[in-house]
Every structure is written in C-alpha cells, then in structure tokens.
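In the block that follows, a single chain appears as structure tokens, in the form predicted on its own.
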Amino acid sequence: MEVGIEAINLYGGPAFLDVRTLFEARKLDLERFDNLMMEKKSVGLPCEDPVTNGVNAAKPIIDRLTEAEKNRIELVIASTESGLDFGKALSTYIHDYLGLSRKCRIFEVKQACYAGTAALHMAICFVASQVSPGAKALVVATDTARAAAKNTYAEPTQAVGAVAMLVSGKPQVLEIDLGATGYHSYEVMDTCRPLPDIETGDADLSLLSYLDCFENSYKEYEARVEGANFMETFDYLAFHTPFAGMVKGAHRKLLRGFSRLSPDQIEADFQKRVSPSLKYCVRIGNVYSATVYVALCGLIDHAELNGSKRVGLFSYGSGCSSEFYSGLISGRSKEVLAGMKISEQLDRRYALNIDEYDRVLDQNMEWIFGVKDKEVDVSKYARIYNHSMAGRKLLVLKRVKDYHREYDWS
C-alpha cells in the first residue's frame, strides 16, 4: 500500500543571528567559517519552548484539515532531546493545543537527532498495519538549544525549531519505500546532554561516528534492496545536517569509496543531488531531531521535480543510532509544501545583533528544565517579539505554575 507523509511544515523560530557575525564576535577562526558552510542560526525567545515550536509547526497542517480528518489522527508522537519533564510528554501539550480527538495515543521518544526518524517510522508502521483503516498519525520533531556552547565551534550550529509531519495512506509529500531501509547503531559517547544547561561531547568522535554510520547504514540498505546503487538509485539525497560542511564531507567520503569519480565529478554530483536539501539548513542550523526533515523541506522547495523522483535519506543521532531509507517525491510534493510558505516565514525573522543575541541567551537560561513557578515578561525582548510574533496567533508560553506550563496565542 501507499503510505508516507501527507503534509509537512517547518517552524524556523522568530529570530536569527548571522553566523559570520558570531564568528567575529567570539574571535573564532574564520578559516573554519568557510568549512561550516552556514549562513544563519535560528534563535528562540524565553516565551518559546519545544511545545510552542512543535505546535507552531503543526498548526498550519491541522488548520487545513476538515473536522472529520482531524478526528482520524489517532497517534501523536513528539520527538525531542529537549524534554521538559521526566514523565510528562511534550505531546500531551501539543495534542491539547491543536484540539485533537481524545481517542488518540500520545507519547514522546528520545534518541538524540535520530528521534524524529524513529517517530516517523513508528507512525508509518502504524498506518501501514491497517489496524485502524484510514487512521492518520502526527509526528512532531521539536528541539531547542537553550544553552549554547559559548566560545566554541559548536555554538554557530546550534538552533531552535520544529518540523511537523502528518502521516497517512495519502502520501502527497513523501511516499515511503516500505522495507527499503538500512540501520546501524552502537553505543558511543560522542555528544550528550547530561544536565539541563549542558550540551557536551567530543566533536571529532561525533564526526567519525556520523561517517561510520552513514557508510554502514547505506551498505545495509544496499544489502536489503535488490539492485540498489548509490549513484543510480537516488535522484536526490537529504542528510541529517549538523552543518552543511559536514554533509559535503560525508558525501565526498562515500563517493570516493563507492565510485571512481574525479573530485570535479564528485562536486558536480553534490551540487545536483545534495545541494538543494541544504537551502533551509544553512539558514536555520541544527534543530537536532528535526534536522533531516528541514533538509527534506529544503529539497522539495528547491529541487527540480518533473515527475516522480526517489530521494535517499540519512538520519543520525549521537549515542548512536542511524538509518538510511528512501521514498518518492514529485511535483505534487512541491505544490503541497508551497502552501506553507516556509521561505517567507524565514525571511520575516528578526535579525539579531550580537548584544541582543547574548541577552536572549541569558534570558533563555531562566526557563530551562525544572522551572516551578514563573511568569513570562515579554517586555524584556519586546522589540523582537513585536516584530516576529505579536498578532500572528503563534503559541507562546505565558507562565509556569506548580511545574504546569500554560500557553496562549500571540
């Protein structure tokens, strides 16, 4: 049967900082700036969290459904490494503020940046099983870098945002190749979040793990899918993108191992099959569990889609889990996604200067995991809020009362 993503949307935050500006302010080596291939990083406000990001990504999808279609959403999965409670799932809030039926399974999954793919495949299997014919599932991959690693080369890549995906038997955006997948996982301490205010790890080890998983998950895909060929099977490719330069290096390494292409031919292949997927990634940064789907959105909005095209997707999460899988996109995918006006949303974000950015980071630290009682005060960042959020009916955090988060519409 056909199954996959019926609708998808990206929320890229209310503000951004120019990455070169950050490099210069932190006195980082500008030679490494070119290797990152990043332009901007999205930045959230204290009135935002993984719940608001997720709802703001999903609401435009839900608003386009009839009441009957909304009531067929029987599964809501939030994926995140930015949880707000050890027990209560983000999806409880997301489900509530989207006004979905109570005849629904709701839960949260965690496995670093791979979690969005874990949630998506869980939803696909539910729909494909036909245990509830005609049912839909909502997957919301949402994350936030509250504690940026100041004065390190990780800081320019850390971002905030969310991608929401409606999964059904009407895959207008991405039709999954059921069973065409390869995975590769093992324990490694490359990056982690051991405390609410710390993101740490070994950047070099993480790069090596990513490259190892990319190669081996693809080899497993090739072993499972008869006739699969990295150069011929996929019209386009979309990878988990911590930063665009990492994707370019991974693509180059795999082609050196799987082909006899010259450096110029490898570069041409990158520009043709991979580069379209990076258009939004370089404007947002790493949104952890959502990032490979930021790449998918960029690909659909910027690739030439004359007829059906097969895309190979690679998902990686530190710790680590990885998967290479595939599906079909088409001109219809482009039509559906165009309605979300993602590029326009990104264009209207507030451009932070470095002083504003540092103040927002400090204010965000007051809202990390574990807040018991606190009122939001938007007057501390009114200029940014009024530019990007006021009057737009976006979900915002209002207060935390006895650990319970209360939200309202801007």
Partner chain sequence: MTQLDVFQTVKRVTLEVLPFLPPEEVSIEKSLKDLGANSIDRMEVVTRSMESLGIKVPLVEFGKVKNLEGLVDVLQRFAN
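Positions refer to the first chain, counted from 1. The shown structure was predicted, so the numbers you read here are calculated from the model rather than taken from an experiment.
Absent from the display: the form predicted in complex with its partner chain. The rest refers to it.
Interface residue remark: residue 209 is counted as part of the site for its partner chain in the predicted bound form, having a heavy atom within 4.5 Å. A residue is said to contact a partner when one of its heavy atoms sits within 4.5 Å of a partner heavy atom; residue 221 fails this definition for its partner chain in the predicted bound form, lying far away. In the predicted bound form, its partner chain sits within 4.5 Å of a heavy atom of residue 243. Shown alone here, residue 186 lies within 4.5 Å of its partner chain in the predicted bound form, counting heavy atoms only. Residue in contact with its partner chain in the predicted bound form (any heavy atom within 4.5 Å), chosen from 205, 122, 336, 225: 205. A heavy atom within 4.5 Å of its partner chain in the predicted bound form is found for exactly one of 105, 272, 88, 253: 253.
Relative to its partner chain in the predicted bound form, residues 35, 215 and 249 are all within 4.5 Å by at least one heavy atom. Only one segment in the set 78-86, 307-315, 186-194, 282-290 has residues whose heavy atoms sit within 4.5 Å of its partner chain in the predicted bound form; it is 186-194.
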